[in-house]
Ligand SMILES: CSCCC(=O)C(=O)COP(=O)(O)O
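One chain is shown next in structure tokens, namely the form predicted alone.
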Amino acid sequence: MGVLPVPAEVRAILLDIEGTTTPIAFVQETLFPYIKDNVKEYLRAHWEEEECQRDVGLLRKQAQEDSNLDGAVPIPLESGSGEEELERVIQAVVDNVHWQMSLDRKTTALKQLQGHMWRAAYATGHVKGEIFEDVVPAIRKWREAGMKVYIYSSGSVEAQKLLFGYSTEGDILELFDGHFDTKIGPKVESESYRRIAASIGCATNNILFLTDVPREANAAEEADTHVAVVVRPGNAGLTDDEKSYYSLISSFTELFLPSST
């Protein structure tokens, strides 16, 4: 793969997380299993809290919208008739969360509950965000060269900040100028990258987007954003066409900034 020169007009680098800054295995083998294994215990412990009730309310609303889908799990309302009924409602929420996760859904309701659960897990030291070792030194160099650095992930902004705030490299949130999640739009739609550029205050061709997902790279490219596809251990393989079409890097150190001459 070697060295990839960054186009001179690039002013900001936009980073995906899973498979780009962070091993896919961390998300698949640590973060998601933590939710599945602990959601019932978390709900029991926090049920009376306002935040938890808001999360359950959102999940219930989503369940109503999903009622026509195969295997959808409804979440009944509480009528306040004792422990047994409360357990039944909690179990319905657990089953709904497991069902959504089995389909790899990215609903706001699911992401919000996951974000709150991960917050508790990071704060208590049960989980630390894993970062590839080339990431932090490279970002520091980019920032020294005057680059702005942003995150764009399907995980909520809160979940992103937890991962980088409680990481294996310590609290590295200071390295980022801002965070975007799917509230700005799906990562596979070109309009999302136009919205990000407008939010940052630059043109789309002033941004270089690093991702491991060709569909995301394609959407960004359609918006006239520069892209490079990141090849990391554990990432999905690329087709021969994708390998020949996209600029590829296997480490952030392979990016060469004009200003670093």
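Rigid core here is just the name for the largest C-alpha set that superposes within 1.5 Å across the two forms. All residue numbers refer to positions in the sequence shown, first residue = 1. Please read these numbers as outputs of a predicted model, since none were measured by experiment.
Note that the form predicted together with the ligand isn't included here; everything after this is about it.
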Applying a 4.5 Å heavy atom distance criterion, does residue 116 contact the ligand in the predicted bound form? no
The ligand contact at residue 159 in the predicted bound form, heavy atom, 4.5 Å: yes
Even though the partner isn't displayed, in the predicted bound form is residue 128 close enough to the ligand, meaning a heavy atom within 4.5 Å? no
Test of understanding: in the predicted bound form, would residue 27 fall inside 4.5 Å of the ligand by heavy atoms? yes
May I ask whether 141, 150 and 208 each come within 4.5 Å of the ligand in the predicted bound form, counting any non-hydrogen atom? no
Choose one stretch from 105-113, 84-92, 166-174, 141-149: the one whose residues place a heavy atom within 4.5 angstroms of the ligand in the predicted bound form. 105-113
Among 219, 63, 31, 43, just one has a heavy atom within 4.5 Å of the ligand in the predicted bound form, namely 31
Members of 13-29 lying within 4.5 angstroms of the ligand, judged by heavy atom, in the predicted bound form: 16, 17, 18, 27
For residue 183, is the CA shift between this form and the one not shown at least 2 Å following rigid-core superposition? no
Is residue 154 one of the residues whose Cα moves 2 Å or more between this form and the one not shown, with the core superposed? no
